[in-house]
Every structure is written in C-alpha cells, then in structure tokens.
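Next up, structure tokens for two forms of one chain, structure 1 and then structure 2.
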Structure 1
C-alpha cells in the first residue's frame, strides 16, 4: 500500500476560496468581519503569529486590528484593552496571543472576553459548550486537524461519520488549547477516544494505546515522539506538532513535527507532513470563526430590528 501524504496546503487553498466567499457575502450584507489580536510583550512566536494573521485577514478581505501592550503592562491594563475590544463594533472576534507575561493571568483575561467574540474558544462558557458537543466556536488548531482528516476520509471514498463511529482515536498530548479539544471533537464524532500525555509516556503505556489506534493525533511538542514502532499498518497519523530544530554543525533551523515522518510514512495509511499539513489550515479556521461571529451578530441585530419595528 502506498502511504498518502495528506496535503494541507492544497486543502487550505480550497478552504481559502470558501472563506473568502463567506466574507464577501457578509460584506455584501453590510458587515465586514474583523479580527483583533492582543499582544502583551514581544514574544517571538507570538509576533510571527500576529504578522501571519494580519496577512491572512487581509487576503480574505477581513478587517484587522493589532493591539500591543509593553511586557510590563499590568493585568488591569490588559483587561481594560480586552473590554474596549469587546465593545468595539468593528471587531467581530478577539484573540489574546500567548504567552502572556507571568504577572498577567491567562484565566482572568480569558474570562474578560465577551463569549460571542471569543473566536479561539478559551472563555469557560465556550469551552463548556464545546465539551457538551454544542460548540459555538471550535479552537482553530484542533478544528484544522479534523477538517483535514474529514476531508481525507471523504476524498478516499469513506463516509467520515461511519468511519469515526467504528474507530479508535488516540490523542497524544492533553493541553487545554489543543489536546483536550481534539478529544472532544473525536467524542462529538462518536469515536472511541483515548487520551495519552506525558504520564502515559513515562509509564511506558504510549505504545499499547497507539498500536490499537485507527487514527493517532499527536500534539505533544516533542520532535519525533511517534515513530513507526508506535503504529500498525493502516493507521492514519495527524501531526499537530510544530518544533524548531537545528541541524548541527551548520545550525540551520528547520520545522519538524511530533512524528518521525520518514519512519511513519513507511507504515501508515496516511500521514500529515510538517510543514504543509495542519499548519496552513489553522489560520483559515480561526478567520472562519471570525466570519461566523460577524454573521451571528448580523442575525442577532436583524432579529432585534424585527422585534422593535
């Protein structure tokens, strides 16, 4: 069997056309979706992400507001900025870039976000709705992984719903923003879901779970963690890891995932590469949530107008 390399860039191109169309339809109805990001400090990865979102928003025809505070800004200043964006009509969705400085609480800032504008699904109300299988917004990275997986299953002639309902999904990594939402999206698709984290690894249990999986989704932040030995032939492997490694002695930086791509490729049914897999789809999923936020607001305001006319 030839292993399929799931092409995230090709899928992202199609998705970009779809989201551009959704944005155009909103603009034609008088609403331009707008994303605001909040950067506190000057973390390199956050700055790179901020620049990328600014570009993708422009390509899709969305407004973009990039707010920045110095690294010594207080928690109260950060909360006040988020409150201002909550009230700003031009802003449909707000993303607080991480990491925040240690003296600014993630939890306090996340709770300040107005849930209707919480397009990355970090507010407890939205996270709770995701847990109940009634998500208002799906966080962008897990959304991208499942969008790619759903697309691959359909393109390879399977009914995704039927496939998931008889499949074992193993999620490696259990963070609030990636691993846990991946589990919930698997459960929402009626899959049998097993969650592994660093404790499963230390206990030596990773293999016993991944070797029974039909799909392995990996988001651990450990380069090359999942190897050919972790999977059986026919497994579909989705790699969400993004790690910068340096080849010695030249020291050139390159991006790798959490999966040993060459080894796994020799055994799996299909695998997503890094770069070029989940990554290119992620920003589009976030901007799609921004368009959805704008659309919900439009519906609410026209409902209100009908009620008051």
Structure 2
C-alpha cells in the first residue's frame, strides 16, 4: 500500500482564492473584515498561530489587530480587553488564543465575547447553535479537518456522504473548541462517532477503539500519542495537533503533531502531516468566518437602514 500524504498546503491555495474573492466583494461594498487576537502569556504554539494569522490576514486583505497581555494579567484585565474589542468597529471577529493562564477562566472569557464576533464558536450561544445543526460559525480547526477529508475522499473517487454513512470515526480528544465540534460534524455527516480522551488512554482502551476506525481524528495535544500500533491497515488519519518541541542540546524548536507520522504513514491509507496538513486550511477557515461575520454585520445594518428609512 502506498500511503497518501494529504497536502493541506495545496488545498489551501484553492481555498485562499475563494476567500480572497469573498473579502474583495465585501471591500467593494465598503466593509473590510477585521480579525483581532488576544494572547495572554507566551505559549509557544499560540505565538506560532498568532504569527500565521497575522500573515494570512494581510494576504487576504483583512485588517488585523494583535493584542497581548502578560501571563500574570488578571482575569478582569483580560475581560476588559475582550469587551473593548467587542465594541471596536473595525473588528468583525475576535479570537482568544489558548491556552489561557490557569488563573483566567476560559468560561468567563468565552461568555464575554459578543456572539456575532465569536468566530471560533466558543460562546455558549454559538456552541448551542452548532450542536443543534444551525451553526453561525463552524470552529476553524474542525472545519479544516473535514474540508480536507471531504476533498480527499472526493478526489479518490468516493462519495463523501456515502463513505461517512457506513464509517466509524474515532475522535481522540474532547476539547471544547476542537474535539467536541469534531464529534458534532461527524454526526452531522451520519457517521458512527466514538469519542476517546485521557480516561480512555489511562484505562488502556484507546487501542480498542482506534483499531476499529475507518477514520481517526487526533486532537489530544500530546506529541506522538497515536502510533502505528493504534491503526489498522487502510485507516485515514487526520492529525490536528500543534505541539512545539525543542531539540536538545541546540534548543531548536519545531512543530510536531499528535500522530507518530513516520510510523502511521507505513500503515494508513492516508495521513495529514504536521506542519502542512490541517494547519494552513485552519487559518483560512478562521478568516472565512471573519469575512462571514463582516457580511452578517453588513446585512444587519442594511436591514436596519431599510426599516428606519
């Protein structure tokens, strides 16, 4: 078997042309989408992601506002910053980069976000709409994973809808912004979905689930967690992990995923690499949500103008 390496960068080029066109149309109507990120502390993976988003926003023609607070900033200071961005007219989407420091509550900050600007779908209102199948926005990393998977299936001559309806999908990781939305997106495609997390691993049950899977989506935040021993021949593996590791003694940093790429590649039907897999598509999915937020704001303002005229 020759394992296919699913090239996220190639797919992202096509998607970038689409999103660029959407942004251009909004700019022509007098609205420029704008993304604001909030970074609290200096987490390596969050810094890498922030730099990527800044670059992609510029390439697409979107405004970008990068806000940073020290790691010891208070929860009140973080909330105040998010509230300021909620009210900033040139910002159509706000992304709070994770992880937040332990003393800053994810829940409190997520509830502070204005739902219309919550482009990662973490506010309870937006998360509820996603669960009900009426999503305002689809979280960017899960959206990117399924966009790549849909594209790969279609390119290999399979009907994605038919494939999902007879397939077992195993999601490794249950985070609010990646793992749980992955489950919902899999269920929306009529797949049989199994969720695994650290408890599955500690109980020694992870193998039992992944070895039955047609597709394994890994978003655990643990470098090299899923190995060839977890995968049966012919499985499709999507690696959503972004982990910064440092090679000693030089101390050089590099990005790795949650999958042992070399080992899994020898056994799987297809696998996404890190970097160069889900990541480039994630950036564009997020900026597409930002453009959608700007479009919705334009539509709402146009509707209000008609009502008051």
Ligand code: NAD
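Note that the rigid core is defined as the largest set of C-alphas that superpose within 1.5 Å between two forms. All values derive from a computational prediction rather than experimental measurement. Numbering follows the first chain given and starts at 1.
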Structure number, where the criterion is the form predicted on its own: 2
Displaced residue check between the two structures: residue 72, CA, 2 Å or over, core reference: yes
Core-superposed C-alpha of residue 207 shifting 2 Å or more between the two structures: no
Two-part rigid motion between the two structures - turning angle of the smaller part, in °: 14
Between the two structures, how far the Cα of residue 27 shifts once the core is aligned, in Å: 2.4
